[in-house]
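What follows is a single chain, given as structure tokens, in the form predicted alone.
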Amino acid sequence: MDELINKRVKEVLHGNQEAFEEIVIHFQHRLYQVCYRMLNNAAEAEDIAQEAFVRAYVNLETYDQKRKFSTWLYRIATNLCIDRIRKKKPDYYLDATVPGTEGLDMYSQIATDHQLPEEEVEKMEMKDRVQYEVNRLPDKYRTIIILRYMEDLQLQEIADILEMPLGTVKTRVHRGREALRQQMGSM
């Protein structure tokens, strides 16, 4: 078979363009299969296989007839496949609508560090409510809750600041949390 292919290559080089058609017919299915396995897309595999034959035809004078034609042709096709994979654009666009939704686009699917305005308002309202309820706590609990949860101090630091035993600080943190939980009850 290689002898027949080399004969057809010589004919093409001497001006017989129809001889290349036989080469294409001989390799088209196998070349398409190679491209399809690399790209996993039928339309792209057809395009790349066709482009490989065009490049082989245009550059046929660079083919070394001492080597197998199929190896040279497959090398062209695999290089084109690798180029396509590298340059491939995503299959989705941010402006495209999300299937099964009304009016949602892909932008809405992107994770963001920013909260929605409604969430920010809810968070601010919650902070205000917590601050109000903390201020309603008895002094002995309020101070410890503020130092522990709002100033993020360790229990030992609070004990040192308030000059009281660590056990007393722990007890007041626990009782302060319970009092705050009862005050906020419905939240």
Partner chain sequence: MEKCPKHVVHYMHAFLDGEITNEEEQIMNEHLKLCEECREIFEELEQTVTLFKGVDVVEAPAGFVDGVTARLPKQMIKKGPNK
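Here the rigid core means the biggest group of C-alpha atoms that line up within 1.5 Å when the two forms are laid on top of each other. Residue numbers count along the first chain shown, from 1. From a predicted model like this one, the values you see are computed outputs, not experimental measurements.
Just so it is clear, the following notes concern the form predicted in complex with its partner chain, a form of the same protein that is not shown.
Its partner chain is not shown here, but in the predicted complex it comes within 4.5 Å of a heavy atom of Phe53. In the predicted complex, its partner chain sits beyond 4.5 Å of every heavy atom of Lys7. Taking the partner from elsewhere, Leu147 is found to have every heavy atom lying beyond 4.5 Å of its partner chain in the predicted complex. Although the partner is absent here, Ile158 lies well away from its partner chain in the predicted complex, with no heavy atom inside 4.5 Å. Distance criterion of 4.5 Å from any heavy atom to its partner chain in the predicted complex singles out Arg37 from the list Lys123, Arg37, Arg67, Arg136.
Looking at 10-28, the residues that come within 4.5 Å of its partner chain in the predicted complex, counting any heavy atom, are Val12, Leu13, His14, Gly15, Gln17, Phe20, Glu21, Val24, Ile25, Gln28.
In the core-superposed comparison between this form and the one not shown, Asn40 has its Cα shifted by less than 2 Å. Taking the rigid core as fixed, one finds a CA shift for Leu60 smaller than 2 Å between this form and the one not shown. With the core held fixed between this form and the one not shown, Phe69 has its Cα displaced by under 2 Å.
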